[in-house]
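Presented as structure tokens, the chain that follows is alone, the form predicted alone.
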């Protein structure tokens, strides 16, 4: 009997109203960049990991990434404990508010609704053992442009009538210690950046402007990239031979306005780069609403590596 048929018999949770963007995500799709396939995965990977941690899941277990909320609603068919982290999207269970960064129990027939952003942009909803979804190229992550991942293996967001099932049984409840969980960014947040090989092609004035004044998160932002608006950054290079693009790369196209390339970025590109944001900075930026002011702050590669290793020890 097919895996899909087996999942259909399991008790689960139905999508009653679709929001603007709710995607199944895991840690991402790696080792396939040479095929032109991007990594995908949870944009705020820190909140994503905390959601799984709250349920005792493997930290890369498939969960939901919910952007904006927009009235997204579910009705559960069975008792289940879920975990909610990341943005405060005014989540409500049968009309009663749910705080982020906690786990909570749903009873059969109860309705879970995500209304609108109050702080942050992306919430993460984890399920016992992780969500059931087909694995494609080693991951269940949705990437819409490449039509990979998700419930229907087409990379598309959840729609009305979709049915979610999960792998595990009732988990033991965990709590995040006060001050330890994910924090949503406030305006003025500093984003650490490791400088790249083309940094010398930018003028001294451009570099001073890049690192000594705030940038504004533009409304042209998605899982592929986030534009920052401010003074035009001028340099001697208008283009380079296309090369691989790392997570968090800060490209500067001819208009001089930086673009931070995120999880669903293209795999190669030919614009000069200031460098790359650290993984933690990318997680923070993914939670910034349009209009948020941020600063780019250069740090060394060794410091970025130390910071990343320290972040990973939180879940040990």
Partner chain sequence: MKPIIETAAMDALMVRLFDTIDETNMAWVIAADQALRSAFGPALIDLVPSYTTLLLHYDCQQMNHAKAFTLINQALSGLKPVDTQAGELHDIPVWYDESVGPELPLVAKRAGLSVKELIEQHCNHDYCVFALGFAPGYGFMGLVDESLATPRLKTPRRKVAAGSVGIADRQTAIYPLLSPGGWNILGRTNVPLFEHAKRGEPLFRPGDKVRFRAISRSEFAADGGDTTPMEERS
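Positions refer to the first chain, counted from 1. Note that this is a predicted model, so its numbers are computed, not measured.
There is another form of this protein, the form predicted in complex with its partner chain, and it is not shown here; the text below is about that form.
Taking 246, 71, 239, 214 one by one, only a single residue has any non-hydrogen atom within 4.5 Å of its partner chain in the predicted complex, and it is 246. The contact with its partner chain in the predicted complex, taken as any heavy atom within 4.5 Å, belongs to 153 out of 222, 153, 75, 79.
When contacts are judged by a 4.5 Å heavy atom cut-off, residue 59 does not count as touching its partner chain in the predicted complex. By the criterion of a heavy atom within 4.5 Å, residue 145 is counted among the residues contacting its partner chain in the predicted complex.
Interface residue remark: residue 232 is not counted as part of the site for its partner chain in the predicted complex, having no heavy atom within 4.5 Å. Contact between residue 197 and its partner chain in the predicted complex is found at the 4.5 Å heavy atom cutoff.
Contact with its partner chain in the predicted complex, defined as a heavy atom within 4.5 Å, is made by all three of 136, 308 and 312. Heavy atoms within 4.5 Å of its partner chain in the predicted complex map, among the stretches 282 to 290, 59 to 67, 252 to 260, 265 to 273, onto 265 to 273 alone.
Contacts between 282 to 307 and its partner chain, taken as any heavy atom within 4.5 Å in the predicted complex, involve 301, 304, 305.
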